[in-house]
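Two separate entries follow, structure 1 and structure 2, each one form of the same protein chain as structure tokens.
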Structure 1
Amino acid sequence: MSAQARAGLRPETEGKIFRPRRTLWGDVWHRLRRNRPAMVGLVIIGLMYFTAIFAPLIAPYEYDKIDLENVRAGPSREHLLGTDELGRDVFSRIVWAARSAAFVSITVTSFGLALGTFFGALAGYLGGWVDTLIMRLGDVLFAFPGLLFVFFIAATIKPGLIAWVKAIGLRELARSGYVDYLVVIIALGLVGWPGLARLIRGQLLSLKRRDYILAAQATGVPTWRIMWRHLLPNAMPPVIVAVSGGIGGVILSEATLSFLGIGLQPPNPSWGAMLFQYYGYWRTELWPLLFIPAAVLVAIVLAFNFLGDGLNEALNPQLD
């Protein structure tokens, strides 16, 4: 008896190579890595977060170190991209700005995702007046242009937040610039959650009518267990796509706020603040000081958009 017969294989399967079946996320990765723009975006995103983590080792100088003997100097061995009007190393500020962008993107996305998941799950599963109340609140926020509403929130809460921090005796914290980060996180997070809530609500409205959900309800499974163990995990694929594509918008919004003087301000490093500081150089020999941070910002935003499109195709094989 042959080895195939002893193994219980049919004759037509002889000579074929059997591979273990991939998991769901293994299939997603297999489809994603065939998308070249998405993989290029993933590499650029990885470089940004790598730079953010190891900024103290990559940057040759601190972002706020002033060298008045090298003001507006061109590229050199000591300063790879030159210096600004205060003698600060431009390359170091770009590297440290990556840490600011990474921190803001993670915190704002986490804040918005937590709010969107909570309110979206309540609206989609409970329905009734809870659904109506949450969705009408979302409609009120959608009625305002997103970026203008962010400007309004940031400009409104920043003076009061600084005054409150000083009133409780944390004047050093107010002067350190960390309040700027808090203002950006609150403003972008409050504006970003309604879209995620509506997306999660739509997913739950379709999932909660499935047979396995109805069976769990019939057997007396607690509501919170059905929501967290069955509904939300199955609603996550489109949420992952939305979040991955939206992080680029968060970074661009932070740069816009900083450019307009509402977000991160010097000495805090920010690509948007650098664009405002250097935009007057575009007619001088120091024009690269303006275009380098602009090119970095464009590359990061496009990278997240490419990754979001790639994840959308990978998580929805029917689009192929």
Structure 2
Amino acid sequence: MSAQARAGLRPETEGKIFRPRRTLWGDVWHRLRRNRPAMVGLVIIGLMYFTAIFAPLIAPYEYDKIDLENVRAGPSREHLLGTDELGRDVFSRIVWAARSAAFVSITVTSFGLALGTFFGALAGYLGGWVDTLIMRLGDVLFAFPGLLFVFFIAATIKPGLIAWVKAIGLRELARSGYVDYLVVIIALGLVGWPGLARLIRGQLLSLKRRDYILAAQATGVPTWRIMWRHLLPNAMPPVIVAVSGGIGGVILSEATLSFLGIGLQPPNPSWGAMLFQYYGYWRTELWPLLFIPAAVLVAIVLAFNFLGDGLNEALNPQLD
């Protein structure tokens, strides 16, 4: 009889621990799943990105398809939500605008996250004058109210950007509406990074004094590898919360810019621009159109708020 059998252990379970294996994120998901508002938010957000990806299949018409024989039509089977004064299908434009929102939110967030991680990691790990320089730069950007700065950048870089795009030989691109996307992405991305950089820097400052980092340094692990393998993954949880809340903010900022006519230009589809267009109908019989982009925007902001609150609670269970 083996020692294991005598101890009452079966050989096939040797060395195994019976507690279900749970990672940090498994735990978070477990808690998040019980949070009903957060799950509703997740579903709405999922639906938005699904709509964005499959927009060409979902939308019955192109977003800029003008049909002058069918202007100001009410809801019908051909036009689920009716048409505007150019005969463009409102439902199709709402669907295509999801693609604009998704595209802008993903690119701006990645751009901001890349800049924020890069500068934050540099500042936090290297310290000294690099840290001072980067953080002061962030302070300057913080000194502007975000939206005003975005207005300012969007208004001043656009003509230069168009000239530059033409100069490198992309005349088609310059003429298409895609330059508007670029303007919005650059303006919002430049404003978004200091917050993330601060957050990551703060995380690194506390993490880099841990023993396991000292151990890695002592065994000669290169700096970039310490950063990439040991520091950044551990700094991520609060960053994930900030970013998930930030995506909603980016969608809202794009809508705001487009509402004011500085963001995406017609005929590019944008909920903000549609809101502005329909708001101009308030004296006519087309007034109810206003509520469509309004409802979509509110639903999405709510969804991101719910998910952000839910993630925050799930990552910091002691709050309960």
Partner chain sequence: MLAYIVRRLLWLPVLLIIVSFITFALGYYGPADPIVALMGQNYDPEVAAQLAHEYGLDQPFGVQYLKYLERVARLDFGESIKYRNQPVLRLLIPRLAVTIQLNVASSFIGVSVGIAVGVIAALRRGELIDRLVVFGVVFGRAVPVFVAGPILLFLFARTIPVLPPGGWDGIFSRSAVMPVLLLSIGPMAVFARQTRAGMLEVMGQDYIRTARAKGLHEMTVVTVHALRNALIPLLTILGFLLGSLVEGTFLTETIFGIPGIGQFAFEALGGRDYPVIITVTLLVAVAYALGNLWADLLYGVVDPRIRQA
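Here, rigid core means the biggest group of C-alpha atoms that superpose within 1.5 Å across both forms. What you see is a predicted model; the values in this text were computed from it and never measured. Start at 1 and count along the sequence of structure 1; that gives the residue numbers used here.
Enquirer: Would you indicate whether the form predicted alone is structure 1 or structure 2?
Expert: Here the form predicted alone corresponds to structure 1.
Enquirer: Compare the position of the CA of Gly280 between the two structures after a rigid core fit and state whether the shift reaches 2 Å.
Expert: Comparing forms between the two structures, the Gly280 CA shifts at least 2 Å.
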